[in-house]
Ligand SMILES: NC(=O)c1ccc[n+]([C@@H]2O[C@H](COP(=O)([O-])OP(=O)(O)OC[C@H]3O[C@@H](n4cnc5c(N)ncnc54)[C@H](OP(=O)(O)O)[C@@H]3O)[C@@H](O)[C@H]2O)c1
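Only one chain is given next, in structure tokens, and it is the form predicted alone.
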Amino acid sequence: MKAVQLTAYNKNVLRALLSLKVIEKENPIIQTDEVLVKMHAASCNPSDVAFIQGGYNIIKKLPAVPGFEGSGVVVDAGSDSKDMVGKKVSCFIQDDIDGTWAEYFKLKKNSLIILDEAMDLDQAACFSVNPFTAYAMMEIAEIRASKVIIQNAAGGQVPSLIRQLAKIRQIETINVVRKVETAEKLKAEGEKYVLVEQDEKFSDQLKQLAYDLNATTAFDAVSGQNSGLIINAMPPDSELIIYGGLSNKPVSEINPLDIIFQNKIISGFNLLDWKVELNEDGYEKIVSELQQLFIKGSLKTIIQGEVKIDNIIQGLKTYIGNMSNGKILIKP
């Protein structure tokens, strides 16, 4: 099979991309509890970019095939999983094995999501991570009885899905973006509250909105200085949930007196931990609910294009330079 192989980690993202090689290798050999998936498409997430830089919490022995997520059809299975052959599936794996950026991919049966026949396989390639993250974020907002939420890096895919779910649940969003162009795009889509972090009045504008609308829950995929600016702008009894570190910088600029005297909280969110806390019935219910939302068109991941494995480096350069334009799918 054809596969992408990472030969070395490098903090410099361009050098990390140059460590990717397209190779021919033997198809994976499956064990009794494993299945072989013929990949339809693999997605690239910020976690994949962090992985090839060696800056993610998953470190694999190199050389290794990257890719945590994708979709396809089961074409072979071990003796314990023969009933899976022919099933459309969404894949997600972070074990120390080869990933999804290949023509074929093996994993254990319990690491798969079996798809409804009506589920689009392009959307399914982006199904196992971001939609569940967005769903979990909305659960947090509802537990906190929040009618308005703030989200940083609002041009990204998780914030897009959060907005879609928020509309269904009648929750307003205050969207913080880095570029004026992204702000204009969101406003053209009908978003009422959009702020540009580079605006000299950003902090004052955010504080005014947060207090006026009682926005006491915020989701942050960036970290760095903006984490502090956001929590400082929020009213008492607020919580900032950090679920990413796109800035590659530590959280800073926090007013400690607000934390002490205004009962403000900064917490972290990890999707795998959230999934572990769910019982099997609860997880399957969420899987079914999310699939139906995608099938009906109520939820959609924005896909800006696709790239063949042979053109992986150019495709990832496009994605890294334009993440707010949507996902890039990697196809065999």
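Numbering starts at 1 and runs along the sequence shown. Because the structure is predicted, anything quoted here is derived from the model rather than measured.
What comes next is about the form predicted together with the ligand, which is not displayed.
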- Residue (of S146, Q123, N232, S247) lying close to the ligand in the predicted bound form, criterion heavy atoms within 4.5 Å: S247
- Contact with the ligand in the predicted bound form, heavy atom within 4.5 Å, among S90, T173, S238, Q157 goes to Q157
- Query: Does any heavy atom of F269 come within 4.5 Å of a heavy atom of the ligand in the predicted bound form?
  - Reply: yes
- Query: Is there a non-hydrogen atom of Y243 within 4.5 angstroms of a non-hydrogen atom of the ligand in the predicted bound form?
  - Reply: yes
- Can M323 be called a contact residue for the ligand in the predicted bound form at 4.5 Å between heavy atoms? yes
- Message: Please determine whether A221 contacts the ligand in the predicted bound form, using a 4.5 Å cut-off between heavy atoms.
- Response: yes
- Message: Please identify, from 80-88, 203-211, 175-183, 257-265, the stretch that has a heavy atom within 4.5 Å of the ligand in the predicted bound form.
- Response: 175-183
- Sequence-ordered residues of 83-99 touching the ligand in the predicted bound form, heavy atom within 4.5 Å: none
